[in-house]
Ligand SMILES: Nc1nc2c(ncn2[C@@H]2O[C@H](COP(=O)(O)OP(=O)(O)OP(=O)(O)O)[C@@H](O)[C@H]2O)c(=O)[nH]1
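As a starting point, one isolated chain is supplied in structure tokens, in the form predicted alone.
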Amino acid sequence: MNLIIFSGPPSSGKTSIILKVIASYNRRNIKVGVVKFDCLYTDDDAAYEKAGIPVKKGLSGALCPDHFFASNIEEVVSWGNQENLDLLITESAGLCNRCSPYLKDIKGVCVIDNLSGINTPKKIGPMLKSADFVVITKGDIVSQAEREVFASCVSSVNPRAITMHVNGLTGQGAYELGSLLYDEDQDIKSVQGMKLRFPMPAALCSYCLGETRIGEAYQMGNIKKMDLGADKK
């Protein structure tokens, strides 16, 4: 079974891109399943079910969705194998810019949209910088010059990745993306022992454990303070 990890900021078009890519696989008789990770609520699973795609969803609730993914990906892969899938796609929640959702030796796709701002690629950490593929969406509502400048900014942050423009509404570019992602020689039985490409965001402070009061007296654990000293002249 192939395994592909899709991630990206909120509302960047991840689900639409995945649906268009899967439509191209259906014509090749490749059985695909999806596991959707999110925080509080998602109805993306209904869109997959409507398309006849085996799907499961997991909500992290009060937990960081990136940590939730790492804690559950082994069981997710087991489910995919039980379903006899040729390809399992995991779709992340809309992640923060410091998230690190990829595994070594597993293809990682970051979906980012043209409307997010020209400096956005510089603000995104491992989710963009360690991706194998960067898919840029919503290019149909910006000019050609804007598309090229934004793609150049993406390439300056991650020159190693293959950068592609894909239209989540029409599916333009989805077949090409799908042909690059699927590897007939890959057969993932388990991810036990595999490693993340980059350490996840540090956590475990008093607020992680449910503290709601503000003030230094209530802060324990992994705390980082800003340097607000007077500017040097």
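Residue positions are given as counts along the sequence shown, with the first one as 1. Predicted model only: the values in this text are computed from it and were never measured.
A second form of this protein, the form predicted together with the ligand, is not displayed here; the remarks below concern that form.
A.B. asks: With the ligand left out of view, choose which of 74, 105, 146, 140 has a non-hydrogen atom within 4.5 angstroms of it in the predicted bound form.
C.D. replies: Looking at 74, 105, 146, 140 one by one, just 140 meets the 4.5 Å heavy-atom criterion.
A.B. asks: Has each of 10, 44 and 168 got a heavy atom lying within 4.5 angstroms of the ligand in the predicted bound form?
C.D. replies: Contact check passed for all of 10, 44 and 168.
A.B. asks: Please run the contact check for residue 16 against the ligand in the predicted bound form: heavy atoms, 4.5 angstroms, yes or no?
C.D. replies: Yes, residue 16 is a contact residue.
A.B. asks: Within 4.5 angstroms, counting heavy atoms, which one of the listed stretches 66-74, 168-176, 25-33, 186-194 is next to the ligand in the predicted bound form?
C.D. replies: Looking at the other structure, the answer is 168-176.
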